[in-house]
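Presented as structure tokens, the chain that follows is alone, the form predicted on its own.
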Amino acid sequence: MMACNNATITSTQDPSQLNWKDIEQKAAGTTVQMTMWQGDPLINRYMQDYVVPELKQRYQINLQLNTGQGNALVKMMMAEKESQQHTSATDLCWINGETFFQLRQIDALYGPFTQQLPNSQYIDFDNPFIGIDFQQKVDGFECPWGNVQECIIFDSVRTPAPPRNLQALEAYVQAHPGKWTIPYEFTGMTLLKAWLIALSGDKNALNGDFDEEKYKAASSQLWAYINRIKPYFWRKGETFPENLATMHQMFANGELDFTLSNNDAEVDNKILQNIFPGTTKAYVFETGTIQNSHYLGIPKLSGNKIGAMVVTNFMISPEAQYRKYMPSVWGDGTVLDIQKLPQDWQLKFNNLPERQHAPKRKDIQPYALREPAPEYMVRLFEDFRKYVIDQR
């Protein structure tokens, strides 16, 4: 029986024993609270102007978007569990890596649920960059949503020959003092993970569980390298940006020669937004950069798991993934295996407009590095402060 069309209604029924038709019917008229990072205007526009109205029109679902990520999300769910709340404040969340690891540690995620989503048949779960999140099998407790690879962004006129390895970067910063820095946030630490792997001598060296000895050996080289060239950083390495948007702006106004992005297609987006000059390009170090996926998870205490599943199924549909993949919309890489799609969707994906400024995916895929275990990111955050920021 169709739920009444009231945007405040939620469905508390466990969907694991329901068929998909029943799930869609019971989700109609309900509200889904989604928690996500909202720091990019193009991503926000995609969600507000496309996903929200499409869900309302197709499924009579009212999707409410709320700001939150990472530690704040973990702390919220931990508090809900400890206070024995029956219903979480969120039904669906945008997560990956360390957050996924922490939420699994406290048993805060519902699952497995992805096998029930009709569109999951198109996801390339065999791809280790998609089916494995920071060395953790997703096991149906989070659904892949997008796939990206970190790039370094530069102005091809101002910097026609950017450095492509650590040795060349050292020479560059010494010759151009004040024009490079490392942001003390997720994107910056992701870059340091790639350097950690490079200093380990093998692109697979940090695969598997966290290894204290491997970390100590590589990180000691990393901190020595950074501290050696830190005097040539922006503001002589006495402070580091804690916000990537600020770093983007410093690059745009010429204060920095480089900025970073976890999304290999973001350079095209920023040019379309008139934030970066039209001569901006992106590249990866010859030793590689981290490629990872981001995911959608449903809290165990969600009051509307059924609605959250319908929302997730739409977000991994060929239509929603295609639109998100367009450089002018978001440029977020798809998690779908194009060869598994119906023929008409294969043609659409294969004929997407070429990136104009970002590197082609096929050209940087050979330099893709897998995310190491979550503990490496935790330690890098701690030790960057201890051995770099606090060293005066």
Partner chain sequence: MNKNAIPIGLFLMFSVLPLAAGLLYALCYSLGWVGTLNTGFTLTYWSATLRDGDLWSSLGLSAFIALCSTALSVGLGLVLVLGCKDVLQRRIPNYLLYTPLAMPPIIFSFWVFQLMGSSGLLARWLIKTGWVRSIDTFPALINDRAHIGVMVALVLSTFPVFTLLFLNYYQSENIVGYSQLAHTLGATKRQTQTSIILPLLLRKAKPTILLYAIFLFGVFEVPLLLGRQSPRMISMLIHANFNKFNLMDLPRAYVITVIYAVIILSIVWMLFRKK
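Here the structure is a predicted model, which means the values were calculated and not measured. Positions refer to the first chain, counted from 1.
There is also a form predicted in complex with its partner chain; it is not shown, and the following applies to it.
Visitor: By the heavy atom within 4.5 Å rule, which residue out of N204, T239, Q115, Q167 makes contact with its partner chain in the predicted complex?
Guide: After the contact test, the surviving option is T239.
Visitor: Which of V74, I132, L272, L191 has a heavy atom within 4.5 Å of its partner chain in the predicted complex?
Guide: Of V74, I132, L272, L191, the residue with a heavy atom within 4.5 Å of its partner chain in the predicted complex is V74.
Visitor: Can V378 be called a contact residue for its partner chain in the predicted complex at 4.5 Å between heavy atoms?
Guide: V378: yes, in contact with its partner chain in the predicted complex.
Visitor: Does G254 reach its partner chain in the predicted complex if we count a contact as any heavy atom within 4.5 Å?
Guide: Yes, G254 is a contact residue.
Visitor: Answer for Q102 alone: is it within 4.5 Å of its partner chain in the predicted complex, judged on heavy atom distances?
Guide: Yes.
Visitor: So in the predicted complex, does any heavy atom of E82 sit within 4.5 Å of its partner chain?
Guide: Taking the distances in the predicted complex, the answer for E82 is yes, it comes within 4.5 Å of its partner chain.
Visitor: Check for me whether its partner chain, as it appears in the predicted complex, comes within 4.5 angstroms of all of K179, Y184 and R385 - heavy atoms only.
Guide: Yes, the whole candidate spot contacts its partner chain.
Visitor: Looking at heavy atoms inside 4.5 Å, which stretch does its partner chain contact in the predicted complex, given the options 137-145, 314-322, 74-82, 287-295?
Guide: Result for this chain: 74-82.
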